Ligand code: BES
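Just one chain is shown here, as structure tokens, and it is the form predicted on its own.
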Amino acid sequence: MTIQTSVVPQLLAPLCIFVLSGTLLLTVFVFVLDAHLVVDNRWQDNHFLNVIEISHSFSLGTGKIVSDMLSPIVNGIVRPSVFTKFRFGHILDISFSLAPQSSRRAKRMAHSIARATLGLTQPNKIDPPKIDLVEWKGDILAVGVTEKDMAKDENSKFKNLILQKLDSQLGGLLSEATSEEDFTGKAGQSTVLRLPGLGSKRVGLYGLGALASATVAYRSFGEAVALAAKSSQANNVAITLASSEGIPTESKPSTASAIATGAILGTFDDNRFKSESKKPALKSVDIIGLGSGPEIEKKLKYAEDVCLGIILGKELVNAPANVLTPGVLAEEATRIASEHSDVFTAKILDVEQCKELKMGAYLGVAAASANPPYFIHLCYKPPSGSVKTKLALVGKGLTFDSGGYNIKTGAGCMIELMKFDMGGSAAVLGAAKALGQIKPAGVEVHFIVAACENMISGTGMRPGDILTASNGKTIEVNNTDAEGRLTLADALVYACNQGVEKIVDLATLTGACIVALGPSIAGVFTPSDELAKEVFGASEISGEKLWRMPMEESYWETMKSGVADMVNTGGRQGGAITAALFLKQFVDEKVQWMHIDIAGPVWNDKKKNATGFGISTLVEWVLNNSS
């Protein structure tokens, strides 16, 4: 197979995010590579080799890793990735500078503040002057407003002081426009006006809902502003909240981080497979009124690391199956380990090694494909200190699912979208990338993916076949399109054998879960109330929506076979529940385990793009388990 692609992905212009509190700015730079590549993928000696010509040189960082089969390092040289076609450097580089109120230009000049310490003399504390929104000069001034902020007096004038000041400068046009457009501050509402009278070319109001206390509201706000900037080709944007003074001081760094995350991800476009793409004009975002200092710097660095993981996850899911094969997915995993070799090792098992481990369920699914399976195992260990907790993240890694002999047919089968059937593995590897940057202490994490394709051929798994999993349990295959749970069975057994205390698996497992919870909410199945509390706590911080589902043991009756230990599907009724009960058969009783069905939220139908769902929650959960 030969694929030749000539692309210049100028994904993001250098993007700066400034967090302003008075005169102090926190600056965040985004650097993206421009690359021109010709990709030639060839099979040779049963290994997937990548020959790539690059007209833009860059370094990927080398490091020694443990790998049984695949490695991006050949003869000491890190091979560029056939999959991503370009690599991101640091998305965010943070620096401080001063911004005197009287001079916008001076904010670009770096200064240092001398502190008097000799003779126990201390400098006087000086409150920095506030930035005047009316005088801010740029392309878009975006104001996040709650429904309460939009309240008006008997003269139809804003009660909120910030909106009152902006409206006064505009001669009442802002209040008039919001009344005409019935803008009330509801979540998702927005209005952008191009009006004279302010330093900015446009002023936009963005609804945050009744109470804007959730991460998702601020993240959506940042994303909406980034999208508006793209559509208007804005170079610089200022973001503020109409009632920022009402946010507790301890919550302001998290609020700024959520807005920055939304702005970064809103600016991101995956144009790798387009012949032409516009270069975004956005270069800077000023976040005004949410504080500054080490705490907010730490939060923005965290946002950077998580965004790196989310972007990788989106790229993995978006990539078509003729580009992202099991071998390329394994290569991407080893690349993560090589880039963070101080904390990661990688082990990639081929077919023969999986046979030695008696992974009959996984190999049964993979048997029909011309692209061989690869079993991926990354291990994170902290750079120093002892390990107090061992965790495992397991992701379903079907790079394409045809359904097998029970082929996907008819309306709603979504066979054309089955490239996203590796969404669980994308979440796991995206979390690995982020954690490689963060380097949490006191926790060991195993990232496990049984990567393969579910295809049709004379060597493929047939309905009625009996497979034997690596824990010795036998499975009668009554539906070859219920393949994901078969690969996860051996992956879960392998994870338990690593001596972990807790396992979370993620999988685009059932259409039944989409029917039950819709496209935005993931279903959670676990017998452990303690683990449920941990993961739901993490999801509240990340803003990702989860819903706990019952594990009704009486439904297991439908999973019994007359000739084997179990069948692999129990029919349509309660399909998401019986799938979870199936997975439970391959988890050690001593291990706390959770299954998250992400079949709905893995993909955004409206945007026709991957969401990166699960990565933020996984990272937060691991950090909560670190010392």
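All residue numbers are counted from 1 along the displayed sequence. What you are looking at is a predicted structure, and each value in this text was computed from that prediction instead of being measured.
There is another form of this protein, the form predicted in complex with the ligand, and it is not shown here; the text below is about that form.
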> Is every one of Phe420, Arg485 and Ala512 in contact with the ligand in the model of the complex, taking contact as a heavy atom within 4.5 Å?
Replying inline: yes
>> Only one of 355-363, 473-481, 303-311, 383-391 has heavy atoms within 4.5 Å of the ligand in the model of the complex; I'd like to know which.
In response: 473-481
> Should Ile466 be counted as a contact of the ligand in the model of the complex, where contact means heavy atoms within 4.5 Å?
Replying inline: no
> If you check in the model of the complex, is Thr569 within 4.5 Å of the ligand, heavy atoms only?
Replying inline: yes
> If you check in the model of the complex, is Lys408 within 4.5 Å of the ligand, heavy atoms only?
Replying inline: yes
> So, in the model of the complex, is Ile596 in contact with the ligand at a 4.5 angstroms heavy atom limit?
Replying inline: no
> Just one of Leu173, Ala214, Met414, Met551 has a heavy atom within 4.5 angstroms of the ligand in the model of the complex, so which one?
Replying inline: Met414
> Out of Asp401, Asp149, Glu544, Glu315, which one falls within 4.5 Å of the ligand in the model of the complex, going by heavy atoms?
Replying inline: Asp401
